[in-house]
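The chain below stands alone, shown as structure tokens; this is the form predicted alone.
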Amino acid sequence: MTTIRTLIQRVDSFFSTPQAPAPLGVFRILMAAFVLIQAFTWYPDWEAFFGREGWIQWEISRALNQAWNIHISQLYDWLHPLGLSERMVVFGHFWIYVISAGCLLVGWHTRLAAIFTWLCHLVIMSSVPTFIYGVDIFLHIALFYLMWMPVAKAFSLDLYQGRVTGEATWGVTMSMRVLQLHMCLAYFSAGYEKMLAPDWWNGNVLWRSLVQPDFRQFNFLWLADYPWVVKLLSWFTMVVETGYCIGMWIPRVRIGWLAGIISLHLGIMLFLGLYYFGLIMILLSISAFGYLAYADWQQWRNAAATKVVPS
């Protein structure tokens, strides 16, 4: 019974011991900044993405949509009786998205800004389903978390103007644990699935990704003479992803593991051209465990500074 009681106390402490809200403030800023970077990159082609006669016409994209999602054509149907043209609705949606993300970035009426940003992103995902992939799904999850988590408690105008307090609370801790455990489950799932595929063990998946035209950024045909290179890189990917849920909780290896996952996604960005996917995964890992890794580094630096060298 004592063992069970001790375990319950540790679990309760893990989820409810109040901690400072700074990591949540960093999470909010990083995700809002990502939204703005992605949105302004899309801006020159915004009408081609979302216009009635864009790359995928409304009739087609709406047919591919789920009934409960909000397609941009529905916004037009609701707003057209008010005198708004199709172009006004399409670009009005863009500017609401950007302004909401800007408010989220600086933490001004943060919860309302997060709700509007999430809703606008829902319209994006519903309107261009054929262009949606992992980066958009992870961003949508992050925006959903921002609606509910107390992310205004640090580095925000809401804090500066007195609408929220910056005190440590159990809600901050619970929010961080949800984000951290989500990242652990996501990476374990990805790594374990790779381990079940023989083509990951022999490096074929990575080789095909590096040389096929859709992803090829550089000429990697020379790797055919050195198959052990792609094999080692494949093993590195599986180990880093599957072990993420363990390594990120061990202070002595957390910095190295975070560096490993960042290196993995920098490689995806540089060599496969998946810039936004690599970037958002880096930002999510920094949001979840960067503060702990920084605390580890500070502790090691202080210990080294105060270490007494025997004469």
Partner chain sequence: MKKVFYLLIALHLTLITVVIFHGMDRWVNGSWLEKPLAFLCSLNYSVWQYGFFSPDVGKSTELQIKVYQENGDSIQYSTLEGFRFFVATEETNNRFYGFKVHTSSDTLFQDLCARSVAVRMLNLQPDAWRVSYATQSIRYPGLVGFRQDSAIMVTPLYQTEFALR
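These numbers come from a predicted model, not from an experiment. Numbering follows the first chain given and starts at 1.
This protein has a second form, the form predicted in complex with the partner chain, left out of what is shown; the following refers to that one.
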Task: Option from 153-161, 85-93, 139-147, 99-107 whose residues, in the model of the complex, bring a heavy atom within 4.5 Å of the partner chain - done: 139-147
Open item on the list: At 4.5 Å between heavy atoms, is T242 in contact with the partner chain in the model of the complex?
Closed with: no
Open item on the list: When the contact criterion is heavy atoms within 4.5 Å, does L79 count as touching the partner chain in the model of the complex?
Closed with: no
- [ ] Spell out, yes or no, whether the shortest heavy atom distance between W257 and the partner chain in the model of the complex is within 4.5 Å.
- [x] no
Open item on the list: Test of understanding: in the model of the complex, would Y192 fall inside 4.5 Å of the partner chain by heavy atoms?
Closed with: yes
- [ ] Could you spot which one of A33, L64, V253, I262 gets a heavy atom to within 4.5 Å of the partner chain in the model of the complex?
- [x] L64
TODO: Answer yes or no: in the model of the complex, does the partner chain come within 4.5 Å of a heavy atom in every one of F27, L112 and T306?
DONE: no
- [ ] Scan 261-280 and note down the residues that get a heavy atom within 4.5 Å of the partner chain in the model of the complex; none is a fine answer too.
- [x] L272, G273, L274, Y275, Y276, F277
